[in-house]
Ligand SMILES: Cc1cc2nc3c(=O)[nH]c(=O)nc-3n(C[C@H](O)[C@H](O)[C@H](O)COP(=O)(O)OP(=O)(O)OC[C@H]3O[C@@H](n4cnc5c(N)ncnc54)[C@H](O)[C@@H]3O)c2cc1C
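As a starting point, one isolated chain is supplied in structure tokens, in the form predicted alone.
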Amino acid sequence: MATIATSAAIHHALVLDRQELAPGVVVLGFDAPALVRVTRPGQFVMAIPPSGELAATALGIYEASGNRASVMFFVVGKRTAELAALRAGDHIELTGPLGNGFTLDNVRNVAIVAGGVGIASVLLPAQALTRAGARVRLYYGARTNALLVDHDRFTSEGCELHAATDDGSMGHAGYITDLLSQTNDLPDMILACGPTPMLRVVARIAEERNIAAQLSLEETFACGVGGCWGCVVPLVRTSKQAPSFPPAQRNGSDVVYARVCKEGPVFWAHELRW
């Protein structure tokens, strides 16, 4: 995928609904038609806690349809706790959509791998693919059955579910990448979002089986717009996503540092040098 022109703006959104899918896992829905219109699967927003005393936090765009968009997140600190306290009728400021999403052109048979809250970034690509007639298998892993949130939402969209839990309470007892590595029914493409160790294993499996893979990297963003260069990842210089700054040097390294928030968060697995 190539870096696209930004459609980001600040959206003053009205909170429409709040769901707690599991203890500490929250989905906030808000009225944001302008955001919905320009969102691509895999992009994110920077959500500004209402007090204004805490830094904005990056959240994957979970749903985007009609006038309503939503984000899903784990409550893990002060910023997410403040966002989780919002209720219908409250207001929130969002900057987005940010980053580059998944490339879905001509994909007919895809495996989507999600670990934990990585599920928040893959509903939109799953919907786009199933509605285009593609076969979509969701490989979804979490610590427990309760944390496999919204898995029935994906099956209702036409995805085939393969689940794994650390404690064996649902599906395979172990890592979701175990199931991916064991299948002989190979997809044409893999999309993945989740913890970095999981993504590294997905990248290795894709390389061993000669499958193209797109990875949505998880990172803590300071600015979310590429200004601070605090979220870089090594990338081959020949990638279409390679930044033009700093300028290339003759006989220099074939690796550059790309910003996860700007050139990513989605990268081709074979182009990463992490």
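Residue numbers run from 1 along the displayed sequence. Computed from a predicted model, the values in this text were never measured in an experiment.
The following text describes the form predicted in complex with this ligand, which does not appear among the structures shown.
Within 4.5 Å of some heavy atom of this ligand in the predicted complex lies at least one heavy atom of Leu54. In the predicted complex, Val117 approaches this ligand with a heavy atom inside 4.5 Å. The shortest heavy atom separation between Gly77 and this ligand in the predicted complex is within 4.5 Å.
In the predicted complex, this ligand sits within 4.5 Å of a heavy atom of Leu217. Across the options 235-243, 202-210, 66-74, 31-39, residues that bring heavy atoms within 4.5 Å of this ligand in the predicted complex belong to 66-74.
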